[in-house]
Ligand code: C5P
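Okay, so here's just one chain, in structure tokens, the form predicted alone.
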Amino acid sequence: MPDMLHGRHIVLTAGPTLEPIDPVRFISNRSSGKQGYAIATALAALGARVTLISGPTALNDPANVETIRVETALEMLAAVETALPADVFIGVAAVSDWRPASRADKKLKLDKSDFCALPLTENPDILKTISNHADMRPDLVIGFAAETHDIIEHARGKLQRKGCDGIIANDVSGDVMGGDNNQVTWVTASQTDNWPSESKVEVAARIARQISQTIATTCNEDTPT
């Protein structure tokens, strides 16, 4: 039904983050943002008010979705916290784990010995931060686990470490990142559901329905955000 999520505010992240080294180089990853954008569209189709925090992608903003464009992990976390309160947070973005400890103002030259020993510092853990937010933790916090092996084992470990309510695990050892199809597993403390390989649009619709069902059974129905 198109109004299954009416009155609910859902914040989600999508795409990669881009961590500058100097004015022309950066650290990033292969995420296209396709799955996150498809999920945002599917949630909006069910009546949710959706705020999409997107890293750099080549995709158009989804219809009926508030889209906020950022580049770095620090910017993404700030945008997510600004978008709160929300009923649901979904961390779909492939956030860079590391960023350069400092950004050079000028292009680093290959003949500089310090270029090959680029100091890095850890980026904030957005999923863990929102899962453990003292003031405005959403009722439902869902993360993604993009893995190349031991998919379910890693997803269950991430579920425990982050303190979130569920993990959507997917195998990215093939052409998933940038491709049009995906196969995911819905993982919670008491549930492991392997879903079939489908287009990312179909996966997104399935995720949106699962979010709606989960809210109906676990979240406070009386006070939508």
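Sequential numbering from 1, following the sequence displayed. Predicted, not measured: the structure shown is a model, and the values here were computed from it.
Below, we refer to the form predicted together with the ligand, which is not included among the displayed structures.
Of the residues given (Leu140, Ala83, Ile151, Ile126), Ile126 alone sits with a heavy atom within 4.5 Å of the ligand in the predicted complex. The ligand is not shown here, and in the predicted complex it never comes within 4.5 Å of any heavy atom of Val88. Although the partner is absent here, Glu71 is not a contact residue: none of its heavy atoms lies within 4.5 angstroms of the ligand in the predicted complex. Among heavy atoms of Glu75, none comes within 4.5 Å of the ligand in the predicted complex. At the 4.5 Å threshold, heavy atoms of Lys162 reach the ligand in the predicted complex. Contacts between stretch 46-79 and the ligand, counted in the predicted complex as any heavy atom lying within 4.5 Å, involve no residue at all.
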